[in-house]
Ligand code: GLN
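Take a look at this one chain, the form predicted on its own, written out in structure tokens.
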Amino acid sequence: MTRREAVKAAEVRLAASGVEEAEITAKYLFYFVTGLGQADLLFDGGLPFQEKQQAYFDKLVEERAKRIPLQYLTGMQEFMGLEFFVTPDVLIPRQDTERLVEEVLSCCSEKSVLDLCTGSGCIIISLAKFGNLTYACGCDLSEGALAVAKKNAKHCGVLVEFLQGDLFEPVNKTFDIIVSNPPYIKSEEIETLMPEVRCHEPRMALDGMADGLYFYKKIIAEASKYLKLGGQLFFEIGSRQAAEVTELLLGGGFGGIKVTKDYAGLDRVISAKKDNQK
């Protein structure tokens, strides 16, 4: 089978399995396996596929046809211009979350930052890379996620302390900024998500319990104890959660609340300041 025939067969297989952008995915897997580029496939697509490479390519195509996310197959995902290792222990970094990082970057220079539910570490590592922080800390309950985060910090050349525990449980310092992209999908809605998400990404990184607000409530209830006076709290939120999270923040004694939209025009980030009198 030629390279071109193999890629076309992969495209047909992926499309039949309901994979979106089957043609792009087939080509991407070809480039990943062979190390070749678009020009090679265009001009040398009639050359035979090396046997070992085709076997690996076919294996990845079959796994992708089972709706395993592409990023778990390649082991990498770009975020904020950096390359992050990803495994099924961590949520795959999304472009929407870059808005959260951008908002924190606008005010974090020479400050300390705590990232709760750090997962792959993409948020705190990006902030440590670009934000001129005095101290960076990421916390997660999952041992597997922290192993990935530590690997990513080393790969990106930044110094981040990682702690294992349930939210603030292992934290014994105060911070200028606390940031979190917590699980915020309602439990009943998880079954409506694409197979790539509901079947393969870690449920503990998705499930915000019955109302999707469980972790916002827990973090807001304790955040003041771990924020310095005038400190700031940043969350990623679901596109329909701004009003509810705003109410929780006001009830928790926070002010200066700001909601920021993502590049699709949807509410995506909410921030608030600790009352200096609290």
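From 1 onward, residues are counted along the sequence shown. Only a predicted model underlies this, so the values are computations on that prediction, with no experimental measurement involved.
Heads up, the form predicted in complex with ligand GLN isn't pictured, but that's what we're talking about next.
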**Message:** ligand GLN is absent from this chain, but in the model of the complex, do Leu91, Thr97 and Ala205 each have a non-hydrogen atom within 4.5 Å of it?
**Reply:** yes
**Asked** When ligand GLN is placed as it is in the model of the complex, which of 128 to 136, 149 to 157, 181 to 189, 168 to 176 ends up with heavy atoms within 4.5 Å of it?
**Response** 181 to 189
**4.5 angstroms heavy atom contact with ligand GLN in the model of the complex for Cys117** = yes
